[in-house]
Each structure stands twice: as structure tokens, then as C-alpha cells.
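The chain that follows stands alone, in the form predicted on its own, written as C-alpha cells.
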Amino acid sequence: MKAPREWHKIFFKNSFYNPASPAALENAPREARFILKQLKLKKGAALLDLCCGPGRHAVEFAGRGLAVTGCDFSAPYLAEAGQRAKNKKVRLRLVRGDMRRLKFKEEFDAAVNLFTSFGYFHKFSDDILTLKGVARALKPGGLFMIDIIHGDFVRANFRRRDWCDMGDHFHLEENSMDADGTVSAWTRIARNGGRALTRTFFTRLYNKTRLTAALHKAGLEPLKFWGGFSGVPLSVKTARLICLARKRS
């Protein structure tokens, strides 16, 4: 099983997948509180939400007095983020762009990349380009928090096939794994018998050691690690890998 090289260009559309599910929206305020507790930003501080998607976290950050810039490749997600900000009566600056080619320079006090919005590219060098862009976007000493799936957990709990009932449709997953990461095929099957849609994607798997090396390569120094937004310590039993890093002087 293989994923298209630029699979994200067709995957991240509301017609197939939207990360702002009811459960994700319900969790966003709690996650935002944890993130802001660690970042310790003052009101008015500049925050970059890289791969902000439909803006469920960005709106929470803006509602707490931060100057938030949301950056994402998906035009439909950005449109939804803009509408969500309007509904919540908060201000968001929204920028469409490729995370490998960030144009910001020493603009932000902090940056976040959440919900496994990293490790999508077949070339590891593209991951480093992304992290170097984050470092370049941060002011000296700026903080960066990244939240991704924990590679050690995935390897220990790998399943080749799984499915679940999503209410309006059935969700089927078929997975393969190698030393670098996973390739997954998601199939969306409508309850009303409509056409099944399948999209295939790649995720590079990171554990603490591999992420630390990548951050160092980009000029970012890891400070703390967690296994979830509850603050639980990172272990092979935790599905999330959350890291707080600082831009090196």
C-alpha cells in the first residue's frame, strides 16, 4: 500500500474529513488551557497556530487575548476557521500556505502544531524544513509546542484493520507499517448506500528520541515531554507525544 506523494492536497477537505468533530470541539478548551499554562504568554502575545485546520484551538487562544495567526494548506478549513472566529467574536489572522515554506521571520512569541499535523511528507528533509521554518518564525527564545501521535505507542498497539460507526457513516481503516512510519487507507461508507470514498495517507512515526534529534537539527531545544493534555508523563502506554521546545539563541 502506498500513499500519493502530496496526499494532503486531496485528503483535507470537508467532503471527506474534518478534524473539528463534536468530540474534538468539546476537548479544545481543555487542551487550550493546558497549552497556555505551559507557554505562559502575556495578553497580546503573538502566537502561530501552524496547521490550524478549522480553528478550534486558534479561536480558544484568541478568546484568551492572544494575537493569533492560523496557517493551513486547506482553503475549506481556513474558511471554517474564519466563520468560527466570527461566531465567537474573536479576531484571527488566517494565512494559507505550505508548512514547508513558511515566510515568517522572528514574528511570534510562541508557535503550536497540534493533532498530529506533522510527519506527512515522504522525505524526512521536508519535516526538517518545516521545523526550521517554525524556528525562523519565532522570536529569540520563543517557545514551540508540538502534539503528535506517539510512535512507540503505535508500534506496540498496531492493528492492520479496524472500523467504527460514526453515526452518519462507517469508518474503515487499513494500515501498513515499516521502519519509517505508517500508511493508512481510510474508507468512508455512507449509511444510505452512497458511494464509498477512500483516501490514503502517510505518517512518519516519532518517539522521544527521534523527535528530539529533529528539533535539535532545526535549532529548537526540547524542554519537556508529556503523554497527553492531562499532563500525564510520556510512556509507551500514552498515545500522544507532546513536546515543549525553545528556539536556541
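No experiment lies behind these values; they were computed from the predicted model shown. Position 1 is the first residue in the sequence shown; the rest follow in order.
Below, we turn to the form predicted together with a small molecule, even though it does not appear here.
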item	value
Residue 108: touches the small molecule in the predicted bound form, heavy atom cutoff 4.5 angstroms	no
Partner proximity in the predicted bound form: residue 8 to the small molecule, non-hydrogen atom cutoff 4.5 Å	yes
Residue 82 within 4.5 Å of the small molecule in the predicted bound form, heavy atoms	no
Touches the small molecule in the predicted bound form: residue 115 (any heavy atom, 4.5 Å)	yes
Residues 144, 150 and 202 all lining the small molecule in the predicted bound form, heavy atom within 4.5 Å	no
Residue stretch of 211 to 219, 61 to 69, 194 to 202, 44 to 52 approaching the small molecule in the predicted bound form, non-hydrogen atom distance within 4.5 Å	44 to 52
Position in contact with the small molecule when the complex is considered in the predicted bound form, options 137, 154, 92, 99, heavy atoms within 4.5 Å	99
